[in-house]
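One chain comes next, on its own, written out as structure tokens in the form predicted alone.
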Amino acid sequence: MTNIEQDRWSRVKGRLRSSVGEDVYSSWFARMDLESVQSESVHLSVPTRFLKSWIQTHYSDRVLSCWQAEMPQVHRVDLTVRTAMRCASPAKDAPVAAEPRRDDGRAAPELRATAIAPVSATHEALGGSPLDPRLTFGSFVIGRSNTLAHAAARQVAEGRRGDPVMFNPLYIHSGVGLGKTHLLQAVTWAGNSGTERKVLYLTAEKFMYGFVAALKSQTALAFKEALRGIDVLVIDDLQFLQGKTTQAEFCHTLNALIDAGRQVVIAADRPPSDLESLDERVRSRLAGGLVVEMASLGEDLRLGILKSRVTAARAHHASFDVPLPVLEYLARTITHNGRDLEGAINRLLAHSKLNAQPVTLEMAEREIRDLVRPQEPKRIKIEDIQRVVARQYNVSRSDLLSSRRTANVVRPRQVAMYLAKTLTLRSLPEIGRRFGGRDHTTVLHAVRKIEGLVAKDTALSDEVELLKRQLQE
């Protein structure tokens, strides 16, 4: 590199520092080196693919404009990852690095600073977790148990940069195989279908791995800045987030994004209050957004999922057909989760294709018998009933045990007593003692009151059935 080139590079770095600020410059550009300058192009290098991807995605135009301020004839900035074998200071007259080649000898495509990123390029550039192309809003089957979660996720996905955030964070929780990951990936696909917003999907494990790797490679500041530059951050399986340092960084990132008006979407297998391994500050911030539970799949929804899976299978196997009685049998007997339903369709497809036989009810009974799980009655505790009812009606457990007589507490308390009588073997006096030392006649009154209302109030009947399903999962 000549002295003239070195001087120009110093001035370009000065322009960059003034343009983006000292913190951003230190995070992203301090380790960027000038490799060569040609008539219309400049070749720069950075030590990691992560830095290269981030600079190309977010600062390529900025770098190019800084060079053009010094050299108006420059129209392209090439950025590559330098290897550990490269000499720290190449000789003055060293030839320009050879053009990168494919395995078949043809020239590799240029990495132009002005290139337009493809769909989900930001997601890939930042090391996002893999996305399943099947998990979109179009393939999501809506039912009573997931209507609110779907509507909230759709609202997030359709937002635009600069729009006010309606609820933040959006926190979705449910048991295994009920559609959390499907919704989160659908948000990511929809958000990345345009170039306006940057949407990143990460599992909690990938977040931990990325943070630890950044610490080891001394790029932690760059990692933090990358996450905080995201418009929509989507985190799956939050219950697996471990380690005090990682949790603290997650908390800082969460606060920074929410305070900056950026959207955060999170999924876990339990509500924030039950994530005992997480710091209290994190749980409090999570609970401050919209917390939505996806309940167990009803039979109608299971049937809808099965029909959609058969339709998807026909796209590749046009002759595949599952009679309606077989689908109804599967919906009635496979009750655990959606993954078992998909597994059942895959088995029927494989058996039908490999044996060249039509799908029959007898075949289905034989092929999926291990997916039909015995429905052993779950032992339900009064504490569980109090917790689930309190969450459903947005009151505290202490409210249910208190002597308060306001309407927003009396009805949930009566429902909880009713469920305790119908779902447990506890006596009326025992239930009364567990509800703040009440008399057994109070419990009996509550049970009869709810029994009478359920018989004529459809909305209350649905609420009670939903609570029963949640308790029996």
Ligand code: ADP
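A residue's number is simply how far along the shown sequence it sits, counting from 1. Everything numeric here is computed off the predicted structure, so don't read it as measured data.
Below, we turn to the form predicted together with this ligand, even though it does not appear here.
Within this chain, residue 339 lines the site of this ligand in the model of the complex, having a heavy atom no more than 4.5 Å away. Looking at residue 191, you'd find every heavy atom of it more than 4.5 angstroms from this ligand in the model of the complex. The shortest heavy atom separation between residue 140 and this ligand in the model of the complex is within 4.5 Å. By the criterion of a heavy atom within 4.5 Å, residue 335 is excluded from the residues contacting this ligand in the model of the complex.
With this ligand left out of view, the stretch that reaches within 4.5 Å of it through heavy atoms in the model of the complex is, among 359-367, 159-167, 252-260, 303-311, 303-311. In summary, among the residues 229, 288, 177, 271, the only one with a non-hydrogen atom within 4.5 Å of this ligand in the model of the complex is 177. Interface residue among 212, 382, 371, 135, judged by heavy atoms within 4.5 Å of this ligand in the model of the complex: 135.
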